[in-house]
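Just the one chain here, the form predicted alone, laid out as structure tokens.
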């Protein structure tokens, strides 16, 4: 989720870059850097932490005259947040910035190292600049070298490159990560989104995947797989607040919509053709491990519960899930054959961090699943898997939950591979389902419009039951939590089989029941449970690929071939339902009352 800016022209390049990065800081604040070529001379500055640190680092530098410039604010995916790992990355005479993940960077890096190239950072990005200079040293033509470079890259990337070998030119390429070009007279701008160039450029072109080219003398030359192509500019919006939200009303709404995109980032380089691979892990972590304990809070606890079903069912390893705030005080019995897993969006959750420290004192091996590199929980853990969800500004977690679930699913298959508890055919079936997950997360206009219409029915009454079985019980818990967090309506998640053991006493026409009814898992069982509620006049909203005649409202899902595809599709429905109810009630969706994004106190 990092942010890119670039500029070619005569204006104050330092201020254009820093102002642009300020607008993109929500996309990454582990580190930031800029590089500028003026009068054939290349200068660069980097700083870890917030952008204010980079401003301080550059306070004595003044840029003037014509030049090329690039900047970057980083959200770490490869390597810790350090100055060496910060962008731009330097070769002998070139600089590059990059968003995305180069899947084959290890292969490229090994190839370059064998040829004598020295790497300074731990990042995948550095391979781009060294590969470019390798080809440039061979043919002495900068654009040919850049073209050869991007043809070698696999994965997602938006990248800008400047070089002293062709000092008045910026080279660019886009595949999978967003980037646009802004225009104002002979000035040309680059950015990851509109906001950095609003007020500077008046026209814009949004690059498509597979497009690349260069800017020279105020002119953009654009190519795709078929060769050089023409393009049409469009007028740039002037509404900066809406531009940062990409046109969405709320950050939470934007984050729901971008779940399919970030899921690709989560899987990138990990979901291979025939196996799951984690470069962060090694077999030693799992030696002598016969049990797993997961500790988390809130939404992360719900993802942990989902993971426990997968780990026991597929990896065939016992798994217990603990609420961190309870675990700390129950005097737990901890055995050294247990892998202790903590899950946290921020990596600073106080109760989860203290639970981890307890496990470490007891001598347990530890693994964290987190969205923030170099956070306290990541530093405290023996190993860490980053979810790569990018910055989540909405307090009520959406894409962080989705990516945590995906990491747990991938981890399950990884352990199953090690333990040989899954056959090749079953593994391939799971991998195929994983590859379809981004599509299951897509939000269509008809779906969102339907939930907007339905939401007006669910503004009153005395509460909600979200019910599901098996994997869908944790999703019911999460659906109820989302609704509570942003609508302030009472909602509970229940295993559907438990309704007759007490909660069904509440059933009447003012009790709203959101029934998760997957076709691929225990459909007849949950159908029977929902029928019991319907017979007692509960208002039923059924979410299922199978039409349900007793439902008062029905949202039909598309996927029915694999439980996890149904899980993710239904997850999106529950998120949008909570959003639309909250909007109708006039609440602040992104910053609900009494809640904070990171719970750093007990």
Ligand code: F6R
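For clarity, every value in this text was computed on a predicted model and none was experimentally measured. Residue numbers count along the first chain shown, from 1.
Heads up, the form predicted in complex with the ligand isn't pictured, but that's what we're talking about next.
Q: Could you work out which of 364, 433, 323, 395 is the residue within 4.5 angstroms of the ligand in the predicted bound form, going by heavy atoms?
A: Of the candidates 364, 433, 323, 395, 395 is the one lying within 4.5 Å of the ligand in the predicted bound form.
Q) What is the one choice in 399, 482, 74, 89 with a heavy atom within 4.5 Å of the ligand in the predicted bound form? A) Of the listed residues, the single hit is 482.
**Q.** Partner-proximal stretch of 439-447, 345-353, 173-181, 196-204 relative to the ligand in the predicted bound form, 4.5 angstroms, heavy atom
**A.** Stretch with heavy atoms near the partner: 345-353.
**Q.** 4.5 Å heavy atom contact, residue 299 to the ligand in the predicted bound form
**A.** Yes.
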